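Next comes just one chain, in structure tokens: the form predicted on its own.
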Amino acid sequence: MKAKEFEAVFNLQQSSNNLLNLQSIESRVSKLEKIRNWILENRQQIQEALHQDFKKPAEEVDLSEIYAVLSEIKHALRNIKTWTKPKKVEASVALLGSKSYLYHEPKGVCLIISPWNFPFNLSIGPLVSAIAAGNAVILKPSELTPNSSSLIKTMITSLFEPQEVAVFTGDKKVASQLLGLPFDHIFFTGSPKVGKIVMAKAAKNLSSVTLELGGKSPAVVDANVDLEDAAEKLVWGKFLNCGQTCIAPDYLLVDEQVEEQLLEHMARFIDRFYDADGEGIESSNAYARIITRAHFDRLRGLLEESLNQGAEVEFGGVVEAKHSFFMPTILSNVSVNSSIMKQEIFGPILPVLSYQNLSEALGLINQGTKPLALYIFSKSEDFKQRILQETSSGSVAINDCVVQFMNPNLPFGGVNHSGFGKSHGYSGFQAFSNQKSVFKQRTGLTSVKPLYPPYTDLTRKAIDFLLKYL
């Protein structure tokens, strides 16, 4: 596809932007309802597309893709009139007699570049926010999930005119050409490495950006904890989507007093989740696969390097390249200087490190970049509060794992290296909106007229009073 085709659609959306601005809130509601209805009517096709791409189980598609988007739509439909209503804000005494308001207006023509790991959720979820805010959108789904991307294109083409929403599929060349256009906002979900490229290209057009990136999200387990509950939640959160989740626990820090017990519980839950019939995890219909051979080879390389440096396999370690099968793997005795502890794993390998005191664990967390998520498992309020106060992360979940993403009232996003800007619910609506300040004054009146030139003794006294009392 040539750049001229992208420009043609972009220009079409740009020329139609004023008409979109004039559309009623009911029009936005209608668009969201169309998306919701299409999803409900095509649930099986969504499941099949993701299974074809990387054998994602239908139940995981329902929970992590379909439910997540439907929840976002439901929340937007329930709140859109409140979000879009001008909000009156207080003015200072110095501006007595005036009125001040906040208006939310669409940013304009927006680009959404979505990743492969949750191809439906992370494409349509941001689209819901963009439509709720009244924008035109060009969507670029990942080329690594061709079946999902094709389905998304079919969906959008059937629901929208290209001046409203358009989809372009293709590889990084397509993304690069799109990023050369002067979008009013760019929403990117992916790796920090590519996020830097997106930000650099956006800077050339001064396009605002939301970057949903990743990083090494730690999980910290206290000795004062329900070990069985923690193990069950950690196994689910880590190996959901075959570990290919940006907010999955990337490594585990566990009090040395309970490390052995926790590992035993985790091994038992892996078997319960993925080998209930005893026929082997490779036969499980509840476990996805690694997305591409290149990703598989990278993960295998991390595993082999860790083992060569002295790490021990507590569970798993079995891989099979032909079918991109990578067994849930837990490692102990991992070197903090190994590659697996320096880069985001983004796969079903969980390094486990023990600590003697919380300061040791906090030091390890804080020597790295700020993570997208952080998990705390403890019954101690002091333990929880200390981690909350002494670390920085995009989100924190206490005594649970990954599910914070499911609450549309919680802003989702990172900090610094793990991204910036927030999504979901009102935060997503704001990401795609320009918050415009509106100041209203009555004709002929203003409380600052006594401060106009010429500057007399009376003017100076008025300024002195203003500085001292108002």
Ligand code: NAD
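Here the structure is a predicted model, which is why all the values come from computation and not from measurement. Residue positions are given as counts along the sequence shown, with the first one as 1.
Keep in mind the form predicted together with nicotinamide-adenine-dinucleotide (NAD) is missing from the figure; the text below concerns it.
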For this session: Only one of Glu232, Glu143, Asp226, Glu390 comes within 4.5 Å of nicotinamide-adenine-dinucleotide (NAD) in the model of the complex by heavy atoms, so just point that one out.
Result: Glu143
Exercise. Between the options Pro115, Gly316, Gly108, Gly243, which residue brings a heavy atom to within 4.5 Å of nicotinamide-adenine-dinucleotide (NAD) in the model of the complex?
Worked result: Pro115
Problem set entry | Ala361, Asp382 and Gln385 all contacting nicotinamide-adenine-dinucleotide (NAD) in the model of the complex, non-hydrogen atom within 4.5 Å | no
Problem set entry | Contact flag, Gly368 vs nicotinamide-adenine-dinucleotide (NAD) in the model of the complex, heavy atom cut 4.5 Å | no
Exercise. According to a 4.5 angstroms non-hydrogen atom cut-off, is Glu259 in contact with nicotinamide-adenine-dinucleotide (NAD) in the model of the complex?
Worked result: no
Problem set entry | Residue contact check: Ser191 to nicotinamide-adenine-dinucleotide (NAD) in the model of the complex, 4.5 Å heavy atom | yes
For this session: Examine Leu122 and determine whether its closest non-hydrogen atom to nicotinamide-adenine-dinucleotide (NAD) in the model of the complex is within 4.5 angstroms.
Result: yes
Exercise. Which one of these stretches, 322 to 330, 344 to 352, 308 to 316, 261 to 269, sits within 4.5 Å of nicotinamide-adenine-dinucleotide (NAD) in the model of the complex when only heavy atoms are counted?
Worked result: 344 to 352
Seminar exercise, completed: Taking nicotinamide-adenine-dinucleotide (NAD) in the model of the complex and a 4.5 Å non-hydrogen atom cutoff, the residues of 284 to 316 making contact are His295
